[in-house]
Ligand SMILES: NC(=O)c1ccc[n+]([C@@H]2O[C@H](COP(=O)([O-])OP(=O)(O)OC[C@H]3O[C@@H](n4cnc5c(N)ncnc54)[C@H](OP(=O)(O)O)[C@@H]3O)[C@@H](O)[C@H]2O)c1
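A lone chain, given as structure tokens: the form predicted on its own.
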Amino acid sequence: MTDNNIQTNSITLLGLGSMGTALARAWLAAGTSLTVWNRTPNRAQALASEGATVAPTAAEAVAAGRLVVVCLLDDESVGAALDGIDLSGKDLVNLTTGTPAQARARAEWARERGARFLDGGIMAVPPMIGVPDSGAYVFYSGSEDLFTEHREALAVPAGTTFVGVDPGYAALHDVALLSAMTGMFAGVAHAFALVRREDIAPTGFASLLADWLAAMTASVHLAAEQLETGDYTTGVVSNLAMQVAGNATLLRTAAEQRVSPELLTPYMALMERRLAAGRGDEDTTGVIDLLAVG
């Protein structure tokens, strides 16, 4: 066994919330030598019977190996947990949810302390971790050398996708996808609200809704092509003018069904602004340009 293999098969994990515990169990099931630490000791002790080595302090956990994975509440928690700890020569992988700016600042913070840094955005919920074919994966960005060296170990709990050497890109991809999900859920909530008072079974309607949304997701590829070319009229099926006109029916139906349109009107307002600028022959892609501020 090479020194590299020894390092790859030895991991320190700081943070044992729901996600951290799921990560820990996935690595332990794969035979990884795992040292864990948690601010609340009881959660760490629960993993001892499964083969984990429990460190009494974060400093002792970090000292146990080169690859240190952090999965804590927020960026402030990361700084507090690692405050004053010697990180020279360590490979620090931060799986704590944060912003792109926080990831970039944390990368510089790690560099100043002699550590390589990789930020991660987990695209999964805890029950998906360590489950084959669950679809779980993690965005990584930062040190490509670190990612390449430890990719096999990092891929045990979930798939890996490296999105660039800019440390902020993993968080940016993570939040961008979550933001799209939030918007989709807003539309789903409005759709269910429209049929809520009628003699329409939610379970039956859900099948129609899921199929419709799946079909509509193909439009993201056209939007991406339009953004890259700068031509928002390419491939347009229902142009902006038609869609703005159609919004009146959506709003009137909401009123008839006694449903607030508040989840829809901000987006509709952007569409109207773009139309007022004389862009009625475009797709709705142009509203993206209206979102940029400063």
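All of these numbers come straight from a predicted model, not from anything done at the bench. Each residue number is its position in the shown sequence, starting from 1.
What follows is about the form predicted together with the ligand, which we do not show.
- In the predicted complex, residue 187 stays away from the ligand, with no heavy atom inside 4.5 Å.
- Within this chain, residue 71 lines the site of the ligand in the predicted complex, having a heavy atom no more than 4.5 Å away.
- Mapping the unseen interface onto this chain, residue 226 falls outside it, with no heavy atom inside 4.5 Å of the ligand in the predicted complex.
- Of the heavy atoms in residue 161, none are within 4.5 Å of the ligand in the predicted complex.
- The stretch in contact with the ligand in the predicted complex, judged by heavy atoms within 4.5 Å, is 78-86, chosen from 194-202, 150-158, 210-218, 78-86.
- Distance criterion of 4.5 Å from any heavy atom to the ligand in the predicted complex singles out 124 from the list 146, 175, 131, 124.
- The partner is not shown here, but in the predicted complex the stretch 32-47 reaches within 4.5 angstroms of the ligand through a heavy atom at 37, 38, 39, 40, 43.
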